[in-house]
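One chain is shown next in structure tokens, namely the form predicted alone.
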């Protein structure tokens, strides 16, 4: 069974031969791992099961040092945050769609790597990514405070803006479906540490109609829907499942009871994430990381789970802690038996490298 087929089993709600995994990293830890493995492309070295395709947000151009312009012409200041950054200023100054720029959803740059990546890694589950898929795209263009006030003061403007963003995404999805992909991933943060940013009533009024349209565009083509939303959003799960959602990420343990929610939804909704990015990884010991990882893998044995930290791993996590969760995933007895692989000893290798310095 290929890694692609293992993910299919998880999404179907079946018990997989082992718990699959897929890890992401921000700039600095990614560079650490590339140096450790002496490998630019980490998917194979890490044993990832998911192949991320496209350009999720649409960053293609550095217009000046630390300033990156996305395809919607929002300029992001990365002088502090090197991965995404902060919008320099709102593009939409007033609550009107007059003169608002929308890019070409079929821009070839979004699709340039799909065929070559699939050819290099044909056994991975193929996911076309659409980051900032609705609310985040809207606030990045209008400004977060402005948009939240518009919910109350200019609701028709908000609905028109979200409708146009969803139309853009659906047009991009239709193009992506020309390739042999398995799923579409939508990124859109709706939550905070306790509850939604703007409440479920506003979410249902403004977000849900467009979410249903976008998910339907994917499901009508026989593909899977995967999403990312940080924060305490589990009150939305019933609505999201009804809309066609198959997999939720990042599954944060600080805001959700993983061990209650996963069994409750197994067979209806899969989860990807769960290893604490707020506590265990930055502040725990390798033993803490190992213990939490093993508990999550045990939870996922019956299906419905893809192992991962609860976000892209950041530079406040030590290399020892990073190598620990990778090692635990790759050394699952069921995985070793299924693949005929030998156990990896990443921490031993890392210690030997440091001892030789």
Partner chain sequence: MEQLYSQLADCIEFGKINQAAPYPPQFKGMPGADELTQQLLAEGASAGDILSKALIIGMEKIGVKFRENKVFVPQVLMSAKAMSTALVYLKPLFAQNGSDRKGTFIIGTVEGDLHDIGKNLVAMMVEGNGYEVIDLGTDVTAEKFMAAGKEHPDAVIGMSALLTTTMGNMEKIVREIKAAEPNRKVCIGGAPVNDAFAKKIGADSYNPDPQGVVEFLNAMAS
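Positions refer to the first chain, counted from 1. Keep in mind that this is a model prediction, so the values were computed, not measured.
Absent from the display: the form predicted in complex with the partner chain. The rest refers to it.
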Option from 105 to 113, 282 to 290, 218 to 226, 89 to 97 whose residues, in the model of the complex, bring a heavy atom within 4.5 Å of the partner chain
282 to 290
Does the partner chain come within 4.5 Å of a heavy atom in each of 81, 196 and 316 in the model of the complex?
yes
Heavy atom within 4.5 Å of the partner chain in the model of the complex: which of 72, 76, 265, 151 fits that? Just give me the one.
151
Given that the partner is absent here, does residue 144 sit within 4.5 Å of the partner chain in the model of the complex, heavy atoms only?
yes
Is residue 157 a contact residue for the partner chain in the model of the complex, using a 4.5 Å heavy atom cut-off?
no
Taking the shortest heavy atom distance, is residue 202 within 4.5 Å of the partner chain in the model of the complex?
yes
Do residue 277 and the partner chain come within 4.5 Å of each other in the model of the complex, heavy atoms counted?
yes
